[in-house]
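As structure tokens, one chain now follows by itself in the form predicted on its own.
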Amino acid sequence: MNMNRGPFQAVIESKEQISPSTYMLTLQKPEGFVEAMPGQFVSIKIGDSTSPLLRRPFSIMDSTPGSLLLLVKDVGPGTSYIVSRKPSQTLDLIGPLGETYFDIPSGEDAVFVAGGTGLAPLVFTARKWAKDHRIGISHFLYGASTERELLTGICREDFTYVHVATLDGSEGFEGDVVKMFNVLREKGALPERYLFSCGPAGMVKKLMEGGTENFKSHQTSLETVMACGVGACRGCVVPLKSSGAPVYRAVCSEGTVFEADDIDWENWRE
């Protein structure tokens, strides 16, 4: 392991429950932790035993000179361990991991589309570019199952416009975030310049099927199961389009950000 990637012991500064299943963790940035870029992540060890054996990956939602911000959704034993930790306790992590980042739009307008905790890297991106005055008008489209699971309260000030969708219609557009994207696009309500997405593979695939060809660029930060986090096990590979033999790239070490058009969505099995 490269020394500047850890492992590190990161002290938990605060923990806030922001939905019935999701927590926002602020960690003290460990000494030696290098500056993170939007799209990078950390991988956290689950306790001191061998069960669960594998670390868990989490996108970085923000990085300041002294802290790291993570979103953790409690979905099983691994994440339950993390959210059970209290302020002043530590988490064993490696990072920042991932070698590709979103292209900077250089002052142009941008559309961001996310589902669930896919919100995290897009918020990091918008915050960093806003500080550097590198983004124009920004539209953030976000979907959740119900109003109680919406996480947009933590990032409304980071985007010019925030559009929300809930499957049960309890807030905003009734339906999923891709359907809302298609409705807004057909109305001409979205600038078709830069498009950035993060969410389950099925969401991003549906996004492309709905019509993204008029955008200047569509880059996506992929979510998938990652075992080692450094590309050694090749357990998180994604197929890229190729005229010859299949080409595979590890999401953890050769991503997480890819050109959406380069991915062979039909043959990708998570």
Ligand SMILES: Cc1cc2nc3c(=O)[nH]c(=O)nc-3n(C[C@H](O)[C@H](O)[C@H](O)COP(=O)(O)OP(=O)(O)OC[C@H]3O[C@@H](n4cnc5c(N)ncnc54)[C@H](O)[C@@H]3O)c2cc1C
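Note that the coordinates shown come from a computational prediction; the quantities given were computed from them, not determined experimentally. One rule holds for the numbers: they count along the sequence shown, beginning at 1.
The same protein has a further form, the form predicted in complex with this ligand, not shown here; the description that follows concerns it.
Contact check at 4.5 Å (heavy atoms) against this ligand in the predicted bound form: none of 24, 91 and 94 pass. The stretch from 137 to 145, 76 to 84, 102 to 110, 181 to 189 that comes within 4.5 Å of this ligand in the predicted bound form, counting heavy atoms only, is 76 to 84. When you look in the predicted bound form, the only residue of 222, 207, 238, 68 with a non-hydrogen atom within 4.5 Å of this ligand is 222.
Residue in contact with this ligand in the predicted bound form (any heavy atom within 4.5 Å), chosen from 126, 164, 72, 154: 72. In the predicted bound form, none of the heavy atoms of residue 38 sits within 4.5 Å of a heavy atom of this ligand.
This ligand in the predicted bound form comes within 4.5 Å of a heavy atom belonging to residue 120. Contact between residue 56 and this ligand in the predicted bound form is found at the 4.5 Å heavy atom cutoff.
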